[in-house]
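Shown here is one chain on its own, the form predicted on its own, set out as structure tokens.
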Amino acid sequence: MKTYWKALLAASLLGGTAVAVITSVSAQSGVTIRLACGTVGSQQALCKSAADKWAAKTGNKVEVLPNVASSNERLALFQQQLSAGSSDVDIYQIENIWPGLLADYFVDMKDYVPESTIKEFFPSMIESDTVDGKLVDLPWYGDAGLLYYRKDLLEKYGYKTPPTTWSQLTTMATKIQAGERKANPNFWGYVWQGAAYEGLTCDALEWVFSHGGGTIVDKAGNITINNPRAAAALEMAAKWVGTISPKGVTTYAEEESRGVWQAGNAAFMRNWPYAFPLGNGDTSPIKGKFDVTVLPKGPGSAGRNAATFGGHSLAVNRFSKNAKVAADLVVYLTSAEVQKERAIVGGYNPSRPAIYKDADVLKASPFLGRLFGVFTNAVVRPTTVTATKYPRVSEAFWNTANSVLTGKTKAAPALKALEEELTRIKGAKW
């Protein structure tokens, strides 16, 4: 485990937040499987809970390893370990934009999972997790950006429905913020993810696409980001900073946004589905006071709703000394039984369509059923066409967006410079 710990320490020193505990599942016999789960919201707790049940059934052991919270540092950590041929981690929880980057380091799940089981997942997820015919992982849950809103405050200020356009959101957030600040000076109209990381790529892509500004790079590989609609989208968001959004929003990731929102200090929030059950927890100040809907449209006939598609999968390290057993744990963790529990307790979008019709799931998380169409029609980041160069593409995009949000540059010249940078990254071909 020395390789893992050294890499984790290095990632933490670079700015990642490590989850500083190892939980070991008690069992008296069998092999030990080491699992690197995510850290956002209730991910670690739910991961351990399901691993405990599998261990009890099989007689094996599971260690849920500490991790770094930041997507960027986590990818760097995984790449460092895997490129060294380390067997420290048997199973990795990876993001749906990583299969093309890490495919060589994982087993082909088709060798361990029957075709009938594979067909139980969303075909689009299986497709995105398949690289050159190899099923790199099994989809665990999907994500799509959502707009959270305070039902009680909309009613208080005379609004019958949530905003359907960004202009409406800005107007409503401004009015509600002004009113609430009479009693709460820490109240804000809208919080979101503005830090320079992958989360900003998701948020900014939603702004751009909702304005009819494309998807950075189109499916044919053309660089499309340098256009007036994309510029207008970024300038719109920049105007929020310091007005309806705190200046510090340009350093926010998911949990910073949720912290402000769940404390009752915001009227609107952009976040993923995981924040829904947490906001309705027994100790939450906003329990029962909010709901979710689709993100707003941009202006004019080009305006449309946009929610960036995200998600996580489980992959087995090809250097694992217990790949077969690890694959069995992956099959269990992605089973209908476990995904149902995760949907009810954690609000995670299942990767199996059938669960969206489950009565228990819809009772606990009715928004999953209502937003099924949002999830299935989400905006996809250009990971497939840019292949192994996607991390550089995304980093260039989020840095550009952050520079506009922080007022370092205007959108139009920033996007022109971004186009030039992406052209250099592309080279002769993606």
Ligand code: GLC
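So that there is no doubt, residue numbering starts at 1 and follows the sequence shown. Keep in mind that this is a model prediction, so the values were computed, not measured.
One more form of this protein should be noted, the form predicted in complex with this ligand, which is absent from this view; the next part is about it.
Chemist: In the predicted complex, which of the stretches 239-247, 194-202, 213-221, 119-127 has residues with heavy atoms within 4.5 Å of this ligand?
Modeler: Stretch with heavy atoms near the partner: 194-202.
Chemist: Just give me the single entry in 255, 95, 358, 341 that has a non-hydrogen atom within 4.5 angstroms of this ligand in the predicted complex.
Modeler: By the 4.5 Å heavy-atom cutoff, the listed residue in contact is 95.
Chemist: Pick from 350, 163, 311, 189: which has a non-hydrogen atom within 4.5 Å of this ligand in the predicted complex?
Modeler: Only one option qualifies, and that one is 311.
Chemist: Is the gap between residue 71 and this ligand in the predicted complex 4.5 Å or less for some heavy atom pair?
Modeler: Yes, contact at 4.5 Å.
Chemist: Residue 381 near this ligand in the predicted complex, any heavy atom under 4.5 Å?
Modeler: Output for residue 381 is yes: heavy atoms within 4.5 Å of this ligand.
Chemist: With the partner left out of view, is residue 149 within 4.5 angstroms of this ligand in the predicted complex by any non-hydrogen atom?
Modeler: Residue 149 lies outside the contact set for this ligand.
Chemist: Against this ligand in the predicted complex, would residue 290 count as a contact residue? Criterion: heavy atoms within 4.5 Å.
Modeler: So residue 290 does not count as contacting this ligand.
Chemist: Let me know which residues along 270-293 have a heavy atom within 4.5 Å of this ligand in the predicted complex, or say none if there are none.
Modeler: Contacts from 270-293: just 272.
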